[in-house]
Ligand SMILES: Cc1cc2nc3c(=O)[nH]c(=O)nc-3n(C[C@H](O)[C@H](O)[C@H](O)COP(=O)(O)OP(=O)(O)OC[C@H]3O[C@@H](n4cnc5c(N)ncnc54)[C@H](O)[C@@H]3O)c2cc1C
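Consider the single chain below, provided in structure tokens and representing the form predicted alone.
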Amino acid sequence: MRQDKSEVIIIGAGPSGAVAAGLLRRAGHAVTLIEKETFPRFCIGESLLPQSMEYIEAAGMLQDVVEAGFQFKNGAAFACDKKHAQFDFRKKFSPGWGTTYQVQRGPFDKVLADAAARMGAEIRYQHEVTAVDLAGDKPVVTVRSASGEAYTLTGEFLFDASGYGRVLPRLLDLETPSELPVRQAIFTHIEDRVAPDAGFDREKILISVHPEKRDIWYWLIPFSNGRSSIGVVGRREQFDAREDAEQLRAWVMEAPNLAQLLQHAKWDTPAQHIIGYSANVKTLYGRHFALLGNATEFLDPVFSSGVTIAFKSAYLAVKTLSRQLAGEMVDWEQEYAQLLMTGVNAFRAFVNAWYDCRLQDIIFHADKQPEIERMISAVLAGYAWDEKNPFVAKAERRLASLNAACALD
């Protein structure tokens, strides 16, 4: 069997893998990415958060992204029947980027991967990791190529950036059940044909709530080419056996604002669904490896946190690994796992408060205090690691107190 070598091996060339590769190349490390698919390929998670721009810039990929012509984004809009609210991410508590993009993930992921390759990372498309050996002095992965040839790849360290594929959690038995309820998402892309005078701000993601079933919500993410991503999310038992496209259109018609906006839309792409997407793991790191992005933990799509968490995990992991490869003593628990989970737990508090409607009541409250609005806006913009923000440091407590105050008004 052929035996190849690299310095750092990355499973997956999606956002976390590509950004990790860029960061590693800028630090002078050799990188090989093993990617099962070919790019571009369809994926959801299309509305970025401004915090993401910091890591794209750090990885040396900012110009690539800016010049790709994606839809500019400056905030989020919310709607429930006749109630409306919006957050301008430029008006936020935390310093940093206040704008970003809404992207079709096929082209976006390819932009990042191509940038990593331009910087010297080797990407092996249509190669699949079939086994991993972490018992020796160095990690060894067994790979099957597109032609069916099996070979081994040895490195100094291994990152799993395989996203929903969750390669190492499966191979190493690291998966644990998520504490979040089992939910389902049905989604597609459409030619939205929203009239220019319809009052739809294409520079914001639109999150709509079902007028009666408040735990059912919709996303509408406009792209720069006149198309949009549309999806509905609810508990698994709220959906039936009808085909995905039929169910999605039926649910959209139950949301008055979406029915009006999309009355002329062209539904030209088959719908898809994901069930039970929330996931968790026993550990984020181990002997010779660390998990990145959705291979660690995926919460929920409601606040578009997935790509931001992916980028943050890549940034923290590469920073820790670079010190380790330089011969320094590092603490993966403190320097990686605990730091990453600070933001994940803040997002988790917001997700839980969304589904039990506390956060919905806060968002749609008619008289929001400007400073509190700036704090919430910062978390929604992805700044979930800024512990100077009370809605990060004490997210659950502050959300509960604010909801109680809103109820008294």
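Just so it is clear, the model here is predicted, and its values are computed rather than measured. The numbering used is simple: start at 1 and walk along the sequence shown.
One more form of this protein, predicted in complex with the named molecule, exists but is not displayed; see below.
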Heavy atom within 4.5 Å of the named molecule in the predicted complex: which of Y277, F93, W332, W97? Y277
Contact with the named molecule in the predicted complex, heavy atom within 4.5 Å, among I372, C43, L62, M341 goes to C43
If we take heavy atoms and a 4.5 Å cut-off, which stretch out of 257 to 265, 160 to 168, 74 to 82, 113 to 121 is in contact with the named molecule in the predicted complex? 160 to 168
Non-hydrogen atom contact H29 with the named molecule in the predicted complex at 4.5 angstroms: no
Though only this chain appears here, would Q247 touch the named molecule in the predicted complex if you measure heavy atom gaps against 4.5 Å? no
Although the partner isn't part of this model, could you tell me whether G155 comes within 4.5 Å of the named molecule in the predicted complex, counting any heavy atom of the residue? no
Just checking whether K204 would be counted as a contact of the named molecule in the predicted complex - the rule being heavy atoms within 4.5 angstroms. no
Check all three, V351, V379 and G382, heavy atom within 4.5 Å of the named molecule in the predicted complex: no
Which of the residues spanning 16 to 52 lie within 4.5 Å of the named molecule in the predicted complex, based on heavy atoms? S16, G17, I34, E35, K36, E37, F39, R41, C43, I44, G45, E46, S47
